[in-house]
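Let's start with one chain on its own, the form predicted on its own, as structure tokens.
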Amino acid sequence: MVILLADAFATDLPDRLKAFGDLTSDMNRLPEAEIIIVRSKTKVDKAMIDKAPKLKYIIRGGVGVDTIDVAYAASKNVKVDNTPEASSLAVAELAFALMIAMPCNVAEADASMKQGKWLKKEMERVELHGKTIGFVGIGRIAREVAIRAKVFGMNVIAYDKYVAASDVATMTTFDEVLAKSDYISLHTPLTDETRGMINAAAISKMKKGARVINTARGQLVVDADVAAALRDGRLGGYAADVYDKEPPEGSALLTAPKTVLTPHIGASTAENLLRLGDCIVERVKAFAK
């Protein structure tokens, strides 16, 4: 059995996978592959699947499968899996760090200090305690962020079309999350329904000065609408680890004020790479049996 490891994982993973077959990272061997293992870099589209006539199983190390043409894979009797249980802590910690960075002016203060400026009076902060954080989607990652928000004394509300009740958040409507939240954290998968959901219309329903955190998918927001709202003060901040296209060359967000931007590093902790490896080995082992 040929296993194609298309993207980079923890350095120990290749040796662990060799026990189950002929492991390769050579994309020229795609036609031989029965299993393809990817992260977010490699897109498994129709063309790629067509070049792999022996393919039986696709595993994505990470949350979501929007980088895979799942419907076409199913039509070819190819199983698709991901590893959502692995990345929750890593992404949640980054989401929380991004949220803290905005009211503390971390990015602006750091940049000004390195420019030789001392903007003590200009860097007025606000506290998270007593503020409301609203989640759009209350799955594994959002739940971890919510637990941390409660420790900071925040009020926690959430909207999720598929969740009626939560032990960490008061469930409400999407419009209520927009209207009541000081911070809005996005944790929903990318679908036709959620694509562009944070747009000018949605922003108009938010509290003036609300801040948005996006560690889910870049396509959930309309970059130009968010940038315009940051410039006119409608939004108080936007922090993101994901973008409409990556790298986000030409995005209006790159020149907008009040942003904290990171290069899709949510899952890139040493600990998470080890967890991803464990999850992938478990799935390959089960498939091999």
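If you're wondering where the values come from, they're calculated on a predicted model, not measured in any experiment. Start at 1 with the first residue shown and count on from there.
This protein has a second form, the form predicted in complex with ligand NAD, left out of what is shown; the following refers to that one.
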| item | value |
| --- | --- |
| Candidate stretches 117-125, 205-213, 103-111, 182-190 - the one whose heavy atoms come within 4.5 Å of ligand NAD in the predicted complex | 182-190 |
| Interface membership of Asn199, ligand NAD in the predicted complex, 4.5 Å heavy atom rule | no |
| 4.5 angstroms heavy atom contact with ligand NAD in the predicted complex for Asp160 | yes |
| 4.5 Å heavy atom contact, Leu13 to ligand NAD in the predicted complex | no |
| Contact test in the predicted complex: Arg140 vs ligand NAD, heavy atoms, 4.5 Å | yes |
| Heavy atom distance at most 4.5 Å to ligand NAD in the predicted complex, all of Glu34, Ile58 and Arg283 | no |
| Proximity to ligand NAD in the predicted complex, single hit among Val222, Met48, Val242, Leu253 (heavy atom within 4.5 Å) | Val242 |
| Stretch 55-70 - residues with a heavy atom within 4.5 Å of ligand NAD in the predicted complex | Val63 |
